[in-house]
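Shown here is one chain on its own, the form predicted alone, set out as C-alpha cells.
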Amino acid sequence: MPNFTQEQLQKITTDIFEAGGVPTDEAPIVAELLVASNLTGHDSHGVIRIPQYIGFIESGLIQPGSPVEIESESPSHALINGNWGFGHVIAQKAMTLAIEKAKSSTVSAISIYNCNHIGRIGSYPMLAAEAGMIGITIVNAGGAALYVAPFGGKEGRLATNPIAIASPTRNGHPILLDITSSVVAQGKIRVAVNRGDSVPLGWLINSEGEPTQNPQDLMASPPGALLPLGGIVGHKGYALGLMIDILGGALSGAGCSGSGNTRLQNGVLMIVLDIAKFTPLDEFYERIDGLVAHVKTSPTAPGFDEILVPGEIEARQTERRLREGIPIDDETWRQIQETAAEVGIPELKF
C-alpha cells in the first residue's frame, strides 16, 4: 500500500486533471479538495474519485472551464447555474459568495444547479467557520444515484443526501457535522470494494431486502440498497433525506428523486450566518467552550475512552496523516495509474 505526502498527492492529482483537459486554474482546486478528504480519513471522497471524474470529463458529464453563471441575485441570495462545470470549483465559488453576502446581510443563501459532484461537502461550511461564521451545506443528487431505500422499503428511492454544518471555535478547530441521511456514504461502499472488505451489518440490504455484508450487492443486478440513517428509528434518517431532497433539488431546480433525471448532479443549498451580527464572538465562543466542556464530563460507557465532538476525529486524522503520510490502497493506486496513462502520463512523478 503506497504512502504519500499531501504535496505529492496534490501534484499527482493536479497533473492528471490538467492532462485530462482541466484548466490550470481549476485543477489545483479540485486536487486540494480531494486530498483534503484523504487527509481527514474520508478516503471515499478523495483521490479514489480521479478515475470517475476523468470518465465524467471524457463523456461530457463534467465540462471543465464552464462559466459559473448567477441567474438571479439579491443582497442575501443567489441562484447559480454551474453549466456542468467541476462541482468542487462551483461549490467553492458559491460558498465564497455566500460568505461575502452574509457580511453585509447577516444571513445568506445560495442555491446551485447544473453542478456535478462537489465531493466531501464538509469542506465548504469549513470556509465559513474559518471566516468566523456558521456555514451550512445541503446536497441532493438531482434525481440520480438512487441508492437509499425509504424506511420500510427494499429498493433505492433517494440519494444519500448529506448535510454539513460548521461552527467556529476559539481554538481554531471548528465543530463540523458532516453526515449523510443514509447510514453511510455510497463512496464508502466503493472503498470497501477496492479493498476487498466486507461492510458492517446495518449498512446494506440486498435486492431481496435482506441484510448483507457484501458491498458488491449494492452494484448487483438487480441492485441492493443503502439503509436510511437511524437503524430501528430509520424513519428519522429517511425524513431528513426527503427534506434535503426538497431543499437541495426542488429549490434550486436541479430536480428531486423520482423526477426522471438520470444525469448525476448536485442540487446544493448553502447558508451562512454572520455570528457577530447576532452576538459578540467572544461570548459565542465562551458558550461553545462551555458546551464542549459539559458534554466531555460525561462518564464514558463501556468500550469508550473519551467523549468526542463532531469534527474532532477528522482533525486528529489530519494531524496524523500530515505527519505519517496518506495511505492509498493498492487497487485505488492501480486505477489512478491506469487513468494517468489514459490521459497521456505513462509514469507518475512526484
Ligand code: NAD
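The structure presented is a predicted model; accordingly, all values stated were derived computationally and were not measured. The numbering used is simple: start at 1 and walk along the sequence shown.
If you look for the form predicted together with this ligand, you will not find it shown, but the lines that follow are about it.
Though the partner is left out of this view, Ala185 does reach within 4.5 Å of this ligand in the model of the complex, counting heavy atoms only. With a 4.5 Å cutoff on heavy atoms, Val139 counts as touching this ligand in the model of the complex. The shortest heavy atom separation between Gly311 and this ligand in the model of the complex is within 4.5 Å. Using a 4.5 angstroms threshold between heavy atoms, Thr160 counts as touching this ligand in the model of the complex. Partner proximity in the model of the complex, defined as non-hydrogen atoms within 4.5 angstroms of this ligand, places exactly one of 214-222, 119-127, 242-250, 71-79 at the interface: 119-127. None of Ala109, Leu97, Val199, Leu177 but one reaches within 4.5 angstroms of this ligand in the model of the complex through a heavy atom, and that residue is Leu177. No residue in the set Lys11, Thr14 and Arg321 has a non-hydrogen atom no more than 4.5 Å from this ligand in the model of the complex. Contacts between stretch 262-299 and this ligand, counted in the model of the complex as any heavy atom lying within 4.5 Å, involve Asn266 alone.
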